[in-house]
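Only one chain is included here, represented as structure tokens and corresponding to the form predicted alone.
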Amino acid sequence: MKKFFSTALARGLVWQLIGTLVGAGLVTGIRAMMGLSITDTFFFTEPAWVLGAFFGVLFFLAGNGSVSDWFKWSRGIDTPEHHEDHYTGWEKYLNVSLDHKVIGIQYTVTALLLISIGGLFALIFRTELAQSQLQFLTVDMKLFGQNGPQLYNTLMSLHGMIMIVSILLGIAGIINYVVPLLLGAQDMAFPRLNAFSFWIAVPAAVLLLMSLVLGGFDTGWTGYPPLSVRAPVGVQMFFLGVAAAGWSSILGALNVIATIIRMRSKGMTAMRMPIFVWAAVATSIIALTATQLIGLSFQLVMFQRLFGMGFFDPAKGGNPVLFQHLFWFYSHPAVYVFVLPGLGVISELLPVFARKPLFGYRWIAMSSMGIALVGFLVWAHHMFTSGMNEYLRVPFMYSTLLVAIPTGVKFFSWVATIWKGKLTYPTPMLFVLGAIVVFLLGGLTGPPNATVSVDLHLHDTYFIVGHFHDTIFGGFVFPFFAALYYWFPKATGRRMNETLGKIHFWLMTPSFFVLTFGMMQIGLLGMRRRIVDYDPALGFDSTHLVLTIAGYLIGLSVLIFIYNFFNSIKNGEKAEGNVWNSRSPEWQVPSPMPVHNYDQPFEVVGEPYDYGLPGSKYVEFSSPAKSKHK
């Protein structure tokens, strides 16, 4: 325990608490001198909580040491690169490191923690929905200053945003760990910025969870006004948490783009890059250019609450639909931030286990860029029922349907890669195939929502919930697990247990199908989303009970994975040699990766996915003895 409290994480959390009290105390003192009230909720006024939360993030970053080098540089002190960690074992993952591999693991473990918390919230409100009428989240109960229905709204809202943040962190984890290895680089282009990008996400997660104990919020993960203008002070923590996580996403994207442009190995032209790198480029372009819009939309609501501004208040000349345009201009391209890396994982792993060249490599690479581009032109399909001008509906309907073209390119390429391949089915391949099927279901249920006449009926029903979960699970969650099982031996030098991995897959996959098909069925029958109760006369009780059981089985499968993950770090079978018989450069060196990745640089001399072609090579190391190519 003493070791834990000496880590950067513990110091940062202590300093975040101190910063919160300093900021809140500053506002409280000023208000006292002006004769204004010093408390209206939870010890402080709302302005005090907002400034306190902002100070808390700054104090966290200063206290945990993630900006120490920049402070030294500003004072003229030399700050040489230091990629060797001073800590061993678990301690190095709780301290500031500049090694992209350590940072990738920090992102990934944080993402798993948040997924567990967000999933727990879902199971709580899903249990309430298992039967009509209020069961345990009753009007009379009080928890965190909220009654049952208010707590339901908070848990439902936090589930959505915590899962979104966890996905962003999981994506950053995979990209941080894998992209430099695929490029042959020693690290990311800006190691200190890389560390900063991770550590600012930690106080962001803390702020999101703080909203639960500061009255919560009932807006859903979208934070629409006027609900967000009237919500308790917890919604301000939600806004600030998302803003801090947005900075993590923006700065991380900038780093990824710079790394890919400037740090590729000799011979690695654009059309010889691994396909996952193309997915990382497309993802980073969206994150770099669009994330500001969600921060801006939330900031304007914050100002409206704090200063009485009327951005979204019609009585003051504002327009609440403007918020939706700002919000969705990021939040729909954000869907592709979630799924493009997952689709890249599918394309990266599929030829390894099919033992065939990836069909249509150039088309898959360009389809990622096409999805990123078209993704900026479809945001208003979320607003067909919002009251926006009707003449805008048709062009957004067509642009949304257009996304099916580059997405279809990927599907046909995957099917052609599988066709007559020599398939093997280790756990990573199972999750790749599961991802293809689940994402296909998400894709097939998308066009009805993009069609105006149908969306007017389906909008805000459980059909949308089922479609969205199909898209996110197929586009990110299944590929995320595939990537973890696949690159775990490279990160740890040990393999995860295959039996537990297959139990994880075969427990989660059918349960997930039951969950989403059931959601879409009751959605078609009129079941609304984001409600704590429903009329028993509708006859949805049995379906909701089945959905709740399926949700618990998914949760159980994730617990099995988490046990497998942490147990295998010490007790897993040792990974020797090229575990997956891959052509990728990281598998041509011992596991786990050396500190500086490659002792000998390599040159790209062939195509990345020419599996099964006699005599073909992708990379050639400067010392031939170091490389074995299949």
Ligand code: HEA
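In this text, residue numbers run from 1 along the sequence as written. Source: prediction; values computed, not measured.
The form predicted together with heme-A exists for this protein as well; it is not shown, and the discussion that follows is about that form.
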Note which of Lys356, His381, Lys490, Arg305 lies within 4.5 Å of heme-A in the predicted bound form, where distance is taken over heavy atoms; exactly one does.
His381
Would you mind picking the one in Gly220, Pro191, Gly370, Gly421 that has a heavy atom within 4.5 Å of heme-A in the predicted bound form?
Gly220
Looking at heme-A in the predicted bound form, is some heavy atom of each of Ile175, Pro426 and Arg494 within 4.5 Å of it?
no
Using 4.5 Å between non-hydrogen atoms, is Leu444 touching heme-A in the predicted bound form?
yes
Tyr486: touches heme-A in the predicted bound form, heavy atom cutoff 4.5 angstroms
no
Taking heavy atoms only, is Gly160 within 4.5 angstroms of heme-A in the predicted bound form?
yes
Ile554 near heme-A in the predicted bound form, any heavy atom under 4.5 Å?
yes
Per contact check vs heme-A in the predicted bound form (non-hydrogen atom within 4.5 angstroms), the hit among 97 to 105, 312 to 320, 267 to 275, 460 to 468 is 460 to 468
Going by heme-A in the predicted bound form, which residues of 522 to 561 come within 4.5 Å of it through any heavy atom?
Arg529, Arg530, Ile531, Gly551, Ile554, Gly555, Val558, Leu559
